[in-house]
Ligand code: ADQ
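Here you get one chain, nothing else, as structure tokens; it is the form predicted alone.
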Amino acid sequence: MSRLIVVSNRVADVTKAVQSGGLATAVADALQEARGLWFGWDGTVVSNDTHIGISINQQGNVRTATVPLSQRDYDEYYVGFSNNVLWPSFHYRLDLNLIDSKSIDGYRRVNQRFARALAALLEPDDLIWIHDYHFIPLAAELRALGVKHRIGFFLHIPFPPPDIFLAVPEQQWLARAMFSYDLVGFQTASDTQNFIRYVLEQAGGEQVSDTELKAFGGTIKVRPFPIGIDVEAFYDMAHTPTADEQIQRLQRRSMASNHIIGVDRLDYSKGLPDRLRAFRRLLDLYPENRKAVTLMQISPPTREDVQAYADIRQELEGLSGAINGEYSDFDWTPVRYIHRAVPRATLAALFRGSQVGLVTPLRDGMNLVAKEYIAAQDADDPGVLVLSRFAGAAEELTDAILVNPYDNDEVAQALQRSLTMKKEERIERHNALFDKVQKHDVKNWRETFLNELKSSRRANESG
């Protein structure tokens, strides 16, 4: 059996996968079964390059191998190119794209360093699965070192249309690097088609079949693999005696009979200011909701050393304060804004105890919060999911109430519809959504990708 190598920006504790969520949940079981290796950044920043070395630890059947970043690497590779160029560009925000030649050099340099460190750890039959925008050129760097293993890549964020991707510095180098993989996976059919269009229109490529592309002297497989969640584990987390107590406490501490919940990292791609404005329009257009509805917005801090994130925090705090100042009463606060991380078990209970899940990113790769909200519900009296059309999840979750997150009135009307929806319709919608979330769960995502990678032709093989 081949050993699985997972590469990601951060390495999680695989023994706490369910509590961690995200990528840890997605790959933990596969790593355990394949006595795998998880490789990536350890989250620390050291003063200079001389202190950079590999730390190897064993967690059950899984070995983790992590490296720190130097301050220069952190500034140029992580903050610079990854989060000031690729993240905004891939989320269609070219106005926030901060191009700097030093950051491009740093991105190349760190990928080269990671490739050298990883290559030294490989065994002959390893299967390599690389994740996300931090490591787009990693396979090309591994190939340059003579690595001939099967290598797959999965992009967790959106892939933009060709005219936006063209604005990314060194975009042809990035596209060429992707042809060093054997399999490239995207979240949605739309993202996949955006990449295919770029290759055909801008790189003189050829589409050999529905899933095969030829360009830059190589052939790769490309297709969507919509990521999912561990549905059973999240449902169980939302239906414990502790969760019951937390839901009762939520209901006791507010005179509001209905609760709307949003959970997002504090990021400009999530549409948080527009969400608060839409909630204010709900109170304006439908005054019967005053003292009857509360919006709880949980937004943990993220990348606080990037100016755009500091700006969004300031705007969000100003809006929540303004709404509360205008509408609140001594026994009712319309917006409950929490700017810190909340344990996943608590989130599961809050999802189950909220009548509406409000997920309105301006652009998102998938958005697993939408799927978690569905998984947490009571099937006999479920809440309603209001979902942005521009979340990747909208491609699957068509039975949610889909909205344009830029249109505050449309979102407000969708909230009113959700709050007044008959139980029969809520149950019908939830059953359809739950079936899709369960069908495309995290196990299906993981096994489908890895089976496809195992059957892919090695990049170095011809014919």
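Counting begins at 1, following the sequence as shown. Please read all numbers here as calculations on a predicted model, not as lab measurements.
Omitted here: the form predicted together with the named molecule. The next part is about that form.
Segments offered: 339-347, 160-168, 324-332, 188-196. Contacting the named molecule in the predicted complex at heavy atom distances within 4.5 Å is 339-347. Of the heavy atoms in Leu368, some are within 4.5 Å of the named molecule in the predicted complex. Interface residue remark: Ala256 is not counted as part of the site for the named molecule in the predicted complex, having no heavy atom within 4.5 Å. The closest heavy atom approach of Asp264 to the named molecule in the predicted complex falls within 4.5 Å. Taking the partner from the other structure, the named molecule in the predicted complex has no heavy atom within 4.5 Å of any heavy atom of Asp182. Checked against the named molecule in the predicted complex, the candidates Trp87, Phe135, Trp129, Tyr78 yield a single residue with a heavy atom inside 4.5 Å, and that residue is Trp87. Think of it this way: in the predicted complex, the named molecule has a heavy atom of just one of Gly218, Pro273, Pro300, Pro224 within 4.5 Å, and the residue is Pro300.
For the candidate spot formed by His156, Asp364 and Glu372, every residue has a non-hydrogen atom within 4.5 angstroms of the named molecule in the predicted complex.
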